[in-house]
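One chain follows as structure tokens, the form predicted alone.
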Amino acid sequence: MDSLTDVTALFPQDFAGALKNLSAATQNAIEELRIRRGLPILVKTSTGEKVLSVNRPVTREDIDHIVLSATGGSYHSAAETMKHGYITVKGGSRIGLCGEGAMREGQIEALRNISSLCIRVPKPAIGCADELMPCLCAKGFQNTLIISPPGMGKTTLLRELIRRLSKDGFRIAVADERGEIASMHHGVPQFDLGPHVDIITNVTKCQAAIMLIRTMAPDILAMDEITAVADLPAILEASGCGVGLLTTVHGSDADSLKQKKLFQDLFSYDIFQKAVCIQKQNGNRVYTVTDL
């Protein structure tokens, strides 16, 4: 899988050419592309941001070109995810969208006049979970929370843990509400999640969890970003059925989570045994396992 090649194909010719002309080292290090109307494109790597060398700012037509390319020439085909602010494209990249929301009866009906894009360029981090596996599976798999601030690689680590656990023979059910874990494209996962994985995407975590538990008999249920009270029934359903849990959450560490009402309620059930906290040191991601 070459996510950057798939992303580059979405751009107008001059921007695509500038991306192709970046050094191989820079291309390999790209984590995000920030595209804002009237401004230059910013290329973000682990060491900072740089301006993409093109002698003009981004126009509305450029953004429309990228979005139309990402939807395969049909906005309608991606309307459901676009109204939630993103598109998942071939290769596993996700495009975040900003613009004007059209509301109806308190619900977002559509996102129009797109003004900026954030394209995340994911890369498999094969091996990043190797040192964690003995800690998380010493007594069989122990329910695990992956904790970090945004942009630190929670989903990347989650994906690799799913792959490793699946290769070890665990049946993994993935409730991929926003399509970020497997990045399904026309029914095909864009990431290798191992041989024993079943995925439901673009369905709420609670609905997907119930469906997966009842129909696929998983050993472990994996999901991304517990953020709301509406996510708790999925966790309680899995726990009550004896299904293992692997999920992510925004935060700096377990103690910071315990200050939030949502997680005070969650921790009161003693469902999770382990937390993996992600931090950056000297530009590198460091994983720390703690008992809960």
Partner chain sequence: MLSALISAFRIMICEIQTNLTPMGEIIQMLASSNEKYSGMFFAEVSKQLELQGVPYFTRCWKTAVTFCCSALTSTEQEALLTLGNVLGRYDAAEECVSIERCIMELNTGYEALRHRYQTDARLYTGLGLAAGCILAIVLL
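As the structure is a computational prediction, the values presented were derived from the model and not from experiment. Residue numbers count along the first chain shown, from 1.
Keep in mind that the form predicted together with the partner chain is missing from the display, and what follows is about it.
**Student:** From the list Arg214, Lys139, His76, Arg112, which entry has a heavy atom within 4.5 Å of the partner chain in the model of the complex?
**Tutor:** If I apply the 4.5 Å criterion carefully, the residue I get is His76.
**Student:** Taking the partner chain in the model of the complex as the reference, which of His65, Arg34, His250, Lys260 has a non-hydrogen atom within 4.5 Å?
**Tutor:** It is His65.
**Student:** Is there a non-hydrogen atom of Ser69 within 4.5 angstroms of a non-hydrogen atom of the partner chain in the model of the complex?
**Tutor:** The answer is yes: Ser69 has a heavy atom within 4.5 Å of the partner chain.
**Student:** Heavy atoms within 4.5 Å of the partner chain in the model of the complex: which stretch among 76-84, 214-222, 162-170, 189-197?
**Tutor:** Of the options given, it is 76-84.
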